[in-house]
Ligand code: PMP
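What follows is one chain in structure tokens, specifically the form predicted alone.
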């Protein structure tokens, strides 16, 4: 039987992959290095035991949205939840992008912004960042004026560079963008400010976040956005019915009881991030300032790919970004536990020596 061809616009695309290698220290996917609190696990198990599995979940995720709204001081009708922040982004793009519309990104940035946009049939215009990977506002204006994007993506802290977008830059992009501005804050809790403070009912701005990082729930695949209520209402037109299962809604709602534990985790990761940055200062590497739970760095005495291989030989896995546009020889390390970070730094020192 002959194979059926996919859409013409998908033939040249590849899926998004993160290599999985069996190692002792895995610092390549920006996960939390520690599990959720034991009290969360106990409460989750207890509530899951009472689920009526023969019934559909609450389609509106009412209690979860209310808990997120309380956390951020907004109305629950300003909150949309989905299976990870990637589904949040996909839903936005299904609703507002698509054939005949343009989406803007500023590279290098999170690869799935452009990838998912193309999957919806949209045209992607990729603006270039400055040499230091900061946002070039003149380039942003050119992209907005010539591309007329329906959605303009900003990522803060930016993945993979780790740079936090200053509030002044976000405000300027909001002023020049002809459509919706999406600030992806998957790592926002590690930064020193949030665009959530700019959300109101009149402004076409949304902020997306995830439970995968600071809430230690990567295995749950839960994300959300906060934005104007009129925009959130439109997303219901394209999301699948009952897309968020009952157990996931319980997991997210219970996690929000442990804000203090989350903040302690953030404080530890930020402290460890600064320790790694300080250690880099005495090594033959160039690194970029980071407001996230990872650091982008470039070895200067040996190729990044060789460093990656030699770290794997020492049972330490980081992300090899050397094949990505403008990131020649670059690697990205997730901040782990103090013990994992010790192992990484010792292995890197040995490799670079």
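The structure displayed is predicted, hence computed values, not measured ones. Numbering follows the first chain given and starts at 1.
We do not show the form predicted in complex with this ligand, though everything after this point is about it.
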The unique member of 194, 214, 105, 159 whose heavy atoms fall within 4.5 Å of this ligand in the predicted complex: 159
Answer option from 120, 246, 86, 189, heavy atom within 4.5 Å of this ligand in the predicted complex: 86
Thinking of this ligand in the predicted complex, which stretch from 178-186, 162-170, 70-78, 198-206 has heavy atoms inside 4.5 Å of it? 178-186
Closest heavy atom of residue 210 to this ligand in the predicted complex, within 4.5 Å or not? yes
Does this ligand come within 4.5 Å of any heavy atom of residue 155 in the predicted complex? yes
Whether residue 221 contacts this ligand in the predicted complex should be assessed with a 4.5 Å heavy atom distance threshold; does it? yes
Does residue 258 reach this ligand in the predicted complex if we count a contact as any heavy atom within 4.5 Å? no
